[in-house]
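Form predicted on its own, single chain, as structure tokens, below.
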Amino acid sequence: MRAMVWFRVDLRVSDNTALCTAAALATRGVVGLFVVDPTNWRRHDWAPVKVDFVLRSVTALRDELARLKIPLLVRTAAHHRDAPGVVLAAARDAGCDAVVFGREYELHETARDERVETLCAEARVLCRRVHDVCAVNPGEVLTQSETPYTVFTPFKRQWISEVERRGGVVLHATPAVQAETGVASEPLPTAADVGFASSVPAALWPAGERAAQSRLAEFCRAAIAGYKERRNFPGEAGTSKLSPHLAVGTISPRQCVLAAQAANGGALASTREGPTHWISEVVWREFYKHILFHFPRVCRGRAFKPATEAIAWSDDAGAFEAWKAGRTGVPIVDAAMRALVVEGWMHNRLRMITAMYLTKDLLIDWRLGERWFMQNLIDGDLSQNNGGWQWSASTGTDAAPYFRIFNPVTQSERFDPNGVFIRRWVPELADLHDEHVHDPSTLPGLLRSVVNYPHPIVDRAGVKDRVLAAFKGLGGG
């Protein structure tokens, strides 16, 4: 048998479930496949920086596969509906008797993969879909009544119990060098070639699994011990920045958990707060994957809490454009939004602040913000982006009350106390004293008139009342 591995969000050779499954099946070698699918990427609002990162990661993957004598075919789907047929045609061209790929849980991807299974069955080609994107697969972390968790903390407790019951997280061994296939690897297009030219410098985001492993090792060496204390400060290098690699699969969550455990004395939870808290963040990622699996309505732009569909969101297009452009008159919000466009990434604390500002201060529909983030983020991932936005909008999986509202100025003073991040991204405020950099509206009149920075576009005094009115009577909001 010759097996084909269809790579999607698992762009690595180490700890790759699909690759290991294919290698175990194959006696006549393994062939890799990557499908360039621009119409599907546009349909899902992939950012140009993400497409660029994916294609650079696939280029690195091709080199790693070559060391295992596994060629990588590169095919293009003219339309997203064509992908299943493209996969089967590639398998036939390469003389493959089996097609193996990792599961994706989004609705469109599930339907596409079921079509691949149907086509393979008709062609008498073995087809295997395997779980890979979570350390504990969706459907395997359930309550005592066999229902999915909808609140994070009990989910995390059960997730840890399940991992411990299994004896820990186990990695798949990298396959041995495979039999020659006589199939040649094929060239990859650039992001610009397929209509996704990115303005974000590639040097900001080294791609491929070697870069991912290097970043993980450096984080565990230098920053994980202080992660809990430093993770909320965007002006510091306190986070791992592994989210782009997790989003495209150049590293696995299992590899992350094991590395963090090593820094945590071998435990998933301990008195070492840094590693323990970072493991908790990996479990948050798993939680949102499981939510998407169990509640596919979130793939359709629906609120997790159905009652909140009745919220009368504001249609203030001018305010939305000001938010996107970083011209709201709130420095921490504007700094974050400007950095997003330039670097293709946003610090998690800033994601919460900017999302809360859009949905609570401006009372603008979270779906608009969710889409803007996807169109700009290198780590755009439906489950994570949707989960974060719905948390901020109080429409999602959270037990906290809907009247949770961040004060962006207070958040700024707490997490960017000296204005380091603000001054970098809002240079027109660089010379202001710390007393005013978080809220220039407090400047004396004459000074305020010469600072080239907008007045706040919303009066915070009425924010809480507007939110309470919007959520009033929703019966479960």
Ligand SMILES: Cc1cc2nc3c(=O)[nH]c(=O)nc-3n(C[C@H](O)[C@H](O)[C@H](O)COP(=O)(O)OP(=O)(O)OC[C@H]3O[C@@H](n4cnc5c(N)ncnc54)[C@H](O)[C@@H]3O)c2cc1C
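Treat the numbers as computed from the prediction; the structure is a model and nothing was measured. So that there is no doubt, residue numbering starts at 1 and follows the sequence shown.
Although not depicted, the form predicted in complex with this ligand is the subject of the following passage.
Picking from 306 to 314, 265 to 273, 279 to 287, 87 to 95 the stretch near this ligand in the predicted complex, with a 4.5 Å limit on heavy atoms, gives 279 to 287. Taken together, the three residues 45, 53 and 250 lack any non-hydrogen atom within 4.5 angstroms of this ligand in the predicted complex. Although the partner is absent here, residue 364 sits far enough away that none of its heavy atoms falls within 4.5 Å of this ligand in the predicted complex. Taking the partner from elsewhere, residue 228 is found to have every heavy atom lying beyond 4.5 Å of this ligand in the predicted complex. In the predicted complex, this ligand sits within 4.5 Å of a heavy atom belonging to residue 345. The shortest heavy atom separation between residue 242 and this ligand in the predicted complex is within 4.5 Å.
Among the residues 198, 385, 150, 178, the one placing a heavy atom within 4.5 Å of this ligand in the predicted complex is 385. Put simply, of 380, 326, 208, 396 only one has a heavy atom within 4.5 Å of this ligand in the predicted complex, and it is 380.
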